[in-house]
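Presented as structure tokens, the chain that follows is alone, the form predicted on its own.
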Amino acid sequence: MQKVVKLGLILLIVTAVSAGALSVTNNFTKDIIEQKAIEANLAYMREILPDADDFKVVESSAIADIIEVEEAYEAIKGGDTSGYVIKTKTSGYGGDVLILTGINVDGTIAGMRVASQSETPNLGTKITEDEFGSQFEGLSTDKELKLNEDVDQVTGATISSTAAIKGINASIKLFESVLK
């Protein structure tokens, strides 16, 4: 009986020390991880709207009204608004899919980038490729987009394609109802 209690205490101490070490590591690295995510998003925004001089966070309570929308950025060029980049989060086959959609002030889609995903390699991950993403460029925001009507889905990756278009449609909805 004493041996079981002794082993239990040793296990408790090892677990507590490990948890403490992970907690300290998390506290030291969370700001770095957050900064890297912001830098990656900024790089994607510059790819989508390369003419923009700067990006400014859009402060509006209406953003929270559209379920998939995480945040929105105003693209500034020469002191004027040249477009918007909207970050959405939808559910894909392997988990959350974060998409950045650029929309020009004239109501055309400038482009999209998948910022984060955990879809099936070589299948669902094809939503990150230019062949899929370039289909959205130049499309109008005057209506909701439909798979296999407005854009082709990735063959064999219906859930991933649906997650992508759902995020882009949420961006269109925010643009048309709030930002336009």
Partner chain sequence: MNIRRVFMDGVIFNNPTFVQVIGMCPTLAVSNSAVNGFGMGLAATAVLIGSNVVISMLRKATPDEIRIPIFIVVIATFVTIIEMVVQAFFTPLYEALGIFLPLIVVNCIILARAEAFAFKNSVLSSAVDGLANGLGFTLALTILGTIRELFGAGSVFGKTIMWGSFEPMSIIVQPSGGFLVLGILLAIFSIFTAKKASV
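Note that the structure is a prediction, hence the values are computed from the model and not measured. Residue numbers count along the first chain shown, from 1.
Not on display, but discussed next: the form predicted together with the partner chain.
Participant: Report whether all of L42, S61 and L147 sit within 4.5 Å of the partner chain in the predicted complex, measuring from non-hydrogen atoms.
Facilitator: No, none of L42, S61 and L147 comes within 4.5 Å of the partner chain in the predicted complex.
Participant: Y73 near the partner chain in the predicted complex, any heavy atom under 4.5 Å?
Facilitator: No, no contact at 4.5 Å.
Participant: Examine I38 and determine whether its closest non-hydrogen atom to the partner chain in the predicted complex is within 4.5 angstroms.
Facilitator: I38: no contact with the partner chain in the predicted complex.
Participant: Considering only heavy atoms, tell me if T120 and the partner chain come within 4.5 Å of each other in the predicted complex.
Facilitator: Flag for T120 set to yes.
Participant: So in the predicted complex, does I33 come within 4.5 Å of the partner chain, heavy atom to heavy atom?
Facilitator: Yes, contact at 4.5 Å.
Participant: Just give me the residues of 78-113, first to last, that have a heavy atom within 4.5 Å of the partner chain in the predicted complex.
Facilitator: Only Y93 sits within 4.5 Å of the partner.
Participant: Note whether the distance between the C-alpha atoms of S118 and A19 decreases (closer) or increases (farther) in the predicted complex, against the displayed form; the change is 3 Å or more.
Facilitator: Farther apart, which means the C-alphas of S118 and A19 are at least 3 Å more distant in the predicted complex.
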